[in-house]
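One chain comes next, on its own, written out as structure tokens in the form predicted alone.
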Amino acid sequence: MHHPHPHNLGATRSSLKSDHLLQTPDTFIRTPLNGAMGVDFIVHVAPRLGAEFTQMTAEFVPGGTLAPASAQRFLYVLEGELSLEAKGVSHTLAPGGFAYLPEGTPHTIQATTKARAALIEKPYELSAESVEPQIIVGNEADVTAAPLMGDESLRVRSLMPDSPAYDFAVNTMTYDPGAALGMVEIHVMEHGLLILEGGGIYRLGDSWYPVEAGDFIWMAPYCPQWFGALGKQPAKYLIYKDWRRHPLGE
């Protein structure tokens, strides 16, 4: 016998304020997008909210394909397996696998199994140094972790090169249980953040939120932000920020 979901009387941890969004899985809405076949998209943040990038979760049936991108595209596999072909080279992306495709790069992405991936797309800002971004393919597990500000309990893995050709960064950050950022950060960059494992407490603006794996957070420029990990397992998230471009757009 089918039992309907119990009524939640409108309760959710999700919250939208002027400078941030916490979006929890109970509030996700799936939508198709033109050109993609066999893929549902959860559009977490988009320019309509004031962001200068789009972050989505793409949910593939086996054989599902993404449409070509009109902007730079960064892909991080959450579950299953994707096949990427770009510039005549084929790559298999398993969980933790990621790829960066510069704006205008012809490519195909197809799911070989049922799969889920984080998808970040952003119009490219030219660099004053006239250097060209390159295709990047890798796996998060192969990236060396660096302690944040010397704190070994908080480790950062950089998935994008820190060079003038690239106008955004994507990292994973892993916190041991009880680890926390050493300061409340306020800065010009905006963030898209997907919690991959564990959870804790996130301060966004003047609010503190319990957060856990599966949650998405958008932080506008200058949103006060802080995180501390709770529980018995490490907390880990995937985080985007715009990077290395002058605020005047020069």
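Start at 1 and count along the sequence shown; that's the residue number. Everything numeric here is computed off the predicted structure, so don't read it as measured data.
Although not depicted, the form predicted in complex with a small molecule is the subject of the following passage.
Participant: The small molecule is absent from this chain, but in the predicted complex, do R157, L194 and A213 each have a non-hydrogen atom within 4.5 Å of it?
Facilitator: Answer is no for this spot.
Participant: If we take heavy atoms and a 4.5 Å cut-off, which stretch out of 115 to 123, 174 to 182, 160 to 168, 91 to 99 is in contact with the small molecule in the predicted complex?
Facilitator: Among the listed stretches, the partner-contacting one is 174 to 182.
Participant: So in the predicted complex, does Q55 come within 4.5 Å of the small molecule, heavy atom to heavy atom?
Facilitator: Contact with the small molecule, no.
Participant: Can you work out whether L238 and the small molecule are in contact in the predicted complex, taking contact to mean some heavy atom pair no more than 4.5 Å apart?
Facilitator: No, L238 is distant from the partner.
Participant: Indicate whether M219 is a 4.5 Å heavy atom neighbour of the small molecule in the predicted complex.
Facilitator: Yes - in the predicted complex, heavy atoms of M219 and the small molecule come within 4.5 Å of each other.
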